[in-house]
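Coming up is one lone chain in structure tokens, specifically the form predicted alone.
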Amino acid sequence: MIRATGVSKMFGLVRALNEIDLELGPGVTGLLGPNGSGKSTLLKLFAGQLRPDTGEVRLAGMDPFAQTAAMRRLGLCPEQDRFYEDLSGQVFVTALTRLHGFSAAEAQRRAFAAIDRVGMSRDAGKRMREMSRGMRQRIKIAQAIAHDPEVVLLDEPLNGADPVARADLIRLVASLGAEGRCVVVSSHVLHEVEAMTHRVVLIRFGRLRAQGDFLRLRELIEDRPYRIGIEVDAPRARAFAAALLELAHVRTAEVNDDTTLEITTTQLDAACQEVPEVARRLGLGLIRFTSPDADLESLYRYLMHDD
């Protein structure tokens, strides 16, 4: 649904993006990278707000910068707020939906449905200036989906939302992807992206650093074994550590006290299967089995912070 081929973008002497090749299909994709990495520039290219200096961008097979028909297929929730502050949320979403060519009645119907989907039905009559930041964020998402687009671009969609709203919006984003839409989410909050999807695109210094399922990507970092913290139900951590060192994928085993230890392994999946088997063989029960290296944050840390 989205394709970027050899895309570069300059701002004066600054190269914001450098030779990006990327294809995105149905489902949710997290767009990640530090400030200044080029995430917002890439989203603006997808949305047709910028034209690449080299290469090409295609959205549903069309050039989003030159072909206005692409806008009907696109929903955009920008990071910055740009509201008509004296309009109610309902009127605001209806007005933007009408711009996609719907009749007044159809635009109103779609606006009502989108506002209900983002959980704003009760407060949609408020003026935009009277809404909290979280409410305004929900309204922005409502206008992005009211016209039923195939591609939805969300730039920091959870900014300002309270914990309950964040949980609601995470479920909403995941459901949009499950419906077959191409949803791209740019966010700095990694655990929230992880709750939406395992598929990520990581950008650093304007270059594509990695893309794909972050669990599979993490496995490719062979020089960084997984750490696993283990707690057992009997004071036999030393004997357990010795038995685990016999496994081919276990590199180290460090005993912390009688019941806790930490191992490192090059194969997380194998460890998840074999460590419990070794525990059963020794007559031990596992109380805790956790890894700080098996999440999106660890992948991000290794790819973005290490030289």
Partner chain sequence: MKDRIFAVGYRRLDDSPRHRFAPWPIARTALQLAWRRRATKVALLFCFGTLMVHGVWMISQVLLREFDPGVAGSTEMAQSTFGTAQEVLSSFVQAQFFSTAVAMAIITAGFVADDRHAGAFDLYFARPLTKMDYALGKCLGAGAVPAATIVLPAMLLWFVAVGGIDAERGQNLWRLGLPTLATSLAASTWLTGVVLGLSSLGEKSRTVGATFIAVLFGLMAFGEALPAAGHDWGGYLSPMRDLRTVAHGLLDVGSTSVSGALLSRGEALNESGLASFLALTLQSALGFGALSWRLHREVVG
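Positions refer to the first chain, counted from 1. The model shown is predicted, which means the values in this text are computed figures rather than measured ones.
Only in words, not in the display: the form predicted in complex with the partner chain, which the text now covers.
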The chain here is shown without the partner chain. Which stretch in 225-233, 156-164, 83-91, 185-193 comes within 4.5 angstroms of it in the predicted complex, by heavy atom distance? 83-91
Within 4.5 Å of the partner chain in the predicted complex, all of H249, E254 and G283 (non-hydrogen atom): no
Give a yes/no on whether L50 approaches the partner chain to within 4.5 Å in the predicted complex, heavy atoms considered. yes
In the predicted complex, R218 touching the partner chain (heavy atom, 4.5 Å): no
G206 near the partner chain in the predicted complex, any heavy atom under 4.5 Å? no
Do L96 and the partner chain come within 4.5 Å of each other in the predicted complex, heavy atoms counted? yes
What residues, if any, in 57-76 have a non-hydrogen atom within 4.5 angstroms of the partner chain in the predicted complex? F65, T68, M71, R72, R73, L74, L76
